[in-house]
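The chain below stands alone and is given as structure tokens, in the form predicted alone.
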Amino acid sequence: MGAGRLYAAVAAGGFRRYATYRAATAAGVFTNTVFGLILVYTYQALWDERPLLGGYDQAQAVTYVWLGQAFLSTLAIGGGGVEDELMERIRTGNVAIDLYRPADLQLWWLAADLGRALFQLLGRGVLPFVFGALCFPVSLPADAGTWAAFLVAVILAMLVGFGIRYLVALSAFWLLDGTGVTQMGWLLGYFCSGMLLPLNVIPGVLGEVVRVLPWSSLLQAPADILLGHADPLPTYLFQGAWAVVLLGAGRLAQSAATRRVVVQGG
């Protein structure tokens, strides 16, 4: 089996694995919908007081909310990606089995995470988004080109998200317990991705800083393309640059970790 077919099979396996958890998926759809409703009414109250806040009208702000709910599990912004399993395998020493596989460790877990992300987007993200679009005034493009550009940005967001979480997972090679790093990653992800509020509304230096951090590639960048607030090419360059930096850093950390051969608990 060629390398491409191998990683495609790993991605397909990741998709099928998460597809078996039907009750969890249904519960996730319900949860995302409820939180989406809470955020929508909060945003509507905020935008009633501050129209065009962050350059968005109220329909665009509502659309942003439902995009966030669609991406929350897809990009594992609040956890739930393959990094949890990888950290556990490092802690128990089972990562040694992964290192003996005739496959690259980073590419293996990237493929698995892309399969997971695709299922979460289709199985858990689409329904809340459709519900929101049917029940609230939203701002959606009419042309297929914008949707295609948006989907490219989503794929790049998946790569950036994995790059961040892979580095978090590799910290378990040096730490007895990676829980603190994981929780820090969740907090940064929620705030710096724009999951709580669009990054466009954050004023001053703080706003300028968070908009150039990698987390802004996850939700803010694809949302701005869909809502017509960003040109695709500069957005792709921004996301792609962060993907290269993060995956490259992950490669270096992986090399250092495997040379160190520190396997907690093994």
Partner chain sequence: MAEGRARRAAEGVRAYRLIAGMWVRSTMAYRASFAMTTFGNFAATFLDFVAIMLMFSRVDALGGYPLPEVAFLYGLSATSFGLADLLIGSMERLGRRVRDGTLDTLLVRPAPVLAQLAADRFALRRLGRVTQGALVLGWSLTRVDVDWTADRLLLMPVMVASGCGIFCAVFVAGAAFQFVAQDASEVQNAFTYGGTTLLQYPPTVFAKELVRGVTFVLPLAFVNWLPATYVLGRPYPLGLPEWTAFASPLVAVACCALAGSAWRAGLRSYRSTGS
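The structure displayed is predicted, hence computed values, not measured ones. Numbering follows the first chain given and starts at 1.
Here the subject shifts to the form predicted in complex with the partner chain, a form of this protein not shown in this document.
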Does the partner chain come within 4.5 Å of any heavy atom of Ala230 in the model of the complex?
-> no
Check whether Ala45 has any heavy atom within 4.5 Å of a heavy atom of the partner chain in the model of the complex, and answer yes or no.
-> yes
Interface membership of Asn94, the partner chain in the model of the complex, 4.5 Å heavy atom rule = no
Should Phe173 be classed as touching the partner chain in the model of the complex when contacts are defined as heavy atoms within 4.5 Å?
-> no
Which listed residue (Val152, Val126, Ala133, Leu196) meets the criterion of a heavy atom within 4.5 Å of the partner chain in the model of the complex?
-> Leu196
Thinking of Phe238, Ala241 and Val245 as one candidate spot, does the partner chain come within 4.5 Å of a heavy atom in every one of them in the model of the complex?
-> no
Among 137-145, 181-189, 152-160, 78-86, which stretch has residues whose heavy atoms lie within 4.5 Å of the partner chain in the model of the complex?
-> 181-189
At a 4.5 angstroms cut-off on non-hydrogen atoms, which residues of 15-48 are near the partner chain in the model of the complex? List them in order.
-> Tyr21, Ala23, Ala24, Ala27, Gly28, Phe30, Thr31, Val34, Phe35, Ile38, Tyr41, Thr42, Tyr43, Ala45, Leu46
